[in-house]
Ligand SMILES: NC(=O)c1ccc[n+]([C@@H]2O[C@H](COP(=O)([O-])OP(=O)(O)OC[C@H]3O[C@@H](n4cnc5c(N)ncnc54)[C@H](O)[C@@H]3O)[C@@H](O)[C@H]2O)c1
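Shown next as structure tokens: one chain only, the form predicted alone.
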Amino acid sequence: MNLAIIGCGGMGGNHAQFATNCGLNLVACGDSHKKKAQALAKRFGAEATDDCMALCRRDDVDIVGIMTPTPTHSAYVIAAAEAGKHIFCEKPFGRTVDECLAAEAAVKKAGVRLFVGHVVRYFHEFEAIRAQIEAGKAGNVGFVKAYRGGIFPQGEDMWFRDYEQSGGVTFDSSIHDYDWIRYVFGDVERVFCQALQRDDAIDYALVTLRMKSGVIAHVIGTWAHPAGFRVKVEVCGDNGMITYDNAEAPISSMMRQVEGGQPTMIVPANPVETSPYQLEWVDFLAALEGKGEPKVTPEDATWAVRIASAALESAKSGEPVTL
């Protein structure tokens, strides 16, 4: 099957490699900054363009990979769906719930498949934690704490620093943990958030989720680290506690290199035979072949945006938000 990538920055390059590892043929790369598209296309012998919408309509494209800034996702998903293409979209699915619902509707109408990259569901450590929870190792779980933090990402044109576009760490980064917690413990009932979003690249949030099951989860997100990346999890039950800290586990960091050698974002990776990012593609392609459903559905991705949006609403109002 032939693939087109839209958005040729760090994540676009990563996904191009993992998708081709799975046997896809990258035929076209699109980016509003054409030099980025040309650089990625050169690596894979593909064509380059700055007309990204045109890629969605190419007859020789079967799958469109969308790795662009969040506010653009829904427009590209809708365009690809209307052109009859299957779609791999990076998280977050959209910047608003309405955008996600519009994209979902377009995908359903077109009868194509959509996968949204909530990669934490594929990380080996997090799958091991889920397996231990399901095996009853911690007993009846009452409390979960997740911590995810690193440097303030830059992105093309520094778009992450525009909180209206990115939603900051509360929306863009902690959405990983909202999704995983819902994946393991079921639907969220209420959201409360306290957040600090400063113009000098300091962003910190504490989000409390009350699950319909009664589980309470604290999600801490920070883009205030001077360097590095850290993930920690605690799961507390009446039989004991399950913990994970990537500083103590065999996990490494892949850094996006820019001119001058300084990373603009850190993407976590495992020293395992198959990257979690590649496992996303394996799962998606298996679904396209009729071999079951992937771990992440479009509805899951919309729910993650719904929780993240509620967190931002709560931070602004100072009140909890009921879903």
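As the structure is a prediction and not an experimental result, all values here were calculated from the model. Position 1 is the first residue in the sequence shown; the rest follow in order.
Not on display, but discussed next: the form predicted in complex with the named molecule.
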Decide yes or no: are 11, 31 and 119 jointly within 4.5 Å of the named molecule in the model of the complex, with each residue judged by its heavy atoms? yes
Contact between residue 222 and the named molecule in the model of the complex at 4.5 Å, heavy atoms? no
So in the model of the complex, does residue 177 come within 4.5 Å of the named molecule, heavy atom to heavy atom? no
Taking heavy atoms and a 4.5 Å cut-off, does residue 234 contact the named molecule in the model of the complex? no
Please check if residue 277 has a heavy atom lying within 4.5 Å of any heavy atom of the named molecule in the model of the complex. yes
Exactly one residue in 296, 46, 55, 67 has a non-hydrogen atom within 4.5 Å of the named molecule in the model of the complex; which is it? 67
Which one, 72, 96, 197, 246, lies within 4.5 Å of the named molecule in the model of the complex by heavy atoms? 72
Of 138-146, 73-81, 198-206, 211-219, the segment with heavy atoms within 4.5 Å of the named molecule in the model of the complex is residues 73-81
Using a 4.5 Å cut-off on heavy atoms, which residues of 80-100 contact the named molecule in the model of the complex? 90, 91, 92
